[in-house]
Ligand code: RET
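A lone chain, given as structure tokens: the form predicted on its own.
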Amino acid sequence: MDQLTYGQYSLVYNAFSFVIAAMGAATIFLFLSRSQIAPNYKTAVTISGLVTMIACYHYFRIFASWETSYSVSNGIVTASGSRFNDAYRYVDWLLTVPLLVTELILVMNLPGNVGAKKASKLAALAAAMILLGYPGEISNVASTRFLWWGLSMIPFLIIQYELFVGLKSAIALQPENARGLVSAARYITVVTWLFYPIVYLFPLLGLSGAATNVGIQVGYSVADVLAKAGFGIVVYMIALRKTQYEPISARTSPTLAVG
């Protein structure tokens, strides 16, 4: 395990702490705000909350693993002998990334079974992307890392195309007051998701030793906050605007008469 300076250790430590706080706050906000959303869009907001809740849990585990992997005494950081378990991150992504693409499709409320088919396709591609990326992530061989990066980029680019180009025509079907946000959500997805393949390549871009590990951990942490907590808030705002657009009668669930 590479020797870290106290500054490097603290940077990663504080990054993990920040992510836990951001994901936890977003989870509470999203679940408490469901009451303001019409039934048609509650599932999307619920999934957004689940994404941040799952991420919050896994970052607790990542944070704990980071703490136990090193000991700090008088500003000197030494390896404890316990290996840092970064697999938590990929378990998290395998669960949350398919949900991320699903929540955007659901909040758009596409007609018929178009939304369900699109969500299933994108979720399957997202899972394939994560599974293909993992072998390279745990490899110390540059060529192996680059190979699996290239393979995982295939479903990655298909997802980006589907979200950015394939859904372009569906924006016209959205209420006028939410159309701009729905369009912006596609850009947000493209920009935030681009962090991941770039960070993945850090070991191949001149970083070495402890700097590589620190760059990867901080880079992925920033990407997760933007792509999950940040994106979840955008999905909530879309749902809220679409709720405001609907007639009052459509904002409440129908009640069953009890005889």
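In this text the structure is predicted, and so the values were computed from the model without any measurement. Residue positions are given as counts along the sequence shown, with the first one as 1.
The form predicted in complex with retinal (RET) is left out here; the points below concern that form.
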**Complete:** Of 219 to 227, 39 to 47, 26 to 34, 60 to 68, the segment with heavy atoms within 4.5 Å of retinal (RET) in the predicted complex is residues 219 to 227
**4.5 Å heavy atom contact with retinal (RET) in the predicted complex for all of Y9, A15 and F84** = no
**Request:** Give a yes/no on whether Y88 approaches retinal (RET) to within 4.5 Å in the predicted complex, heavy atoms considered.
**Result:** no
**Any non-hydrogen atom of M153 within 4.5 angstroms of retinal (RET) in the predicted complex** = yes
**Request:** Considering only heavy atoms, tell me if A185 and retinal (RET) come within 4.5 Å of each other in the predicted complex.
**Result:** no
**Asked** Closest heavy atom of L100 to retinal (RET) in the predicted complex, within 4.5 Å or not?
**Response** yes
**Prompt:** Considering L163, A178, I130, M108, which brings a non-hydrogen atom within 4.5 Å of retinal (RET) in the predicted complex?
**Reply:** I130
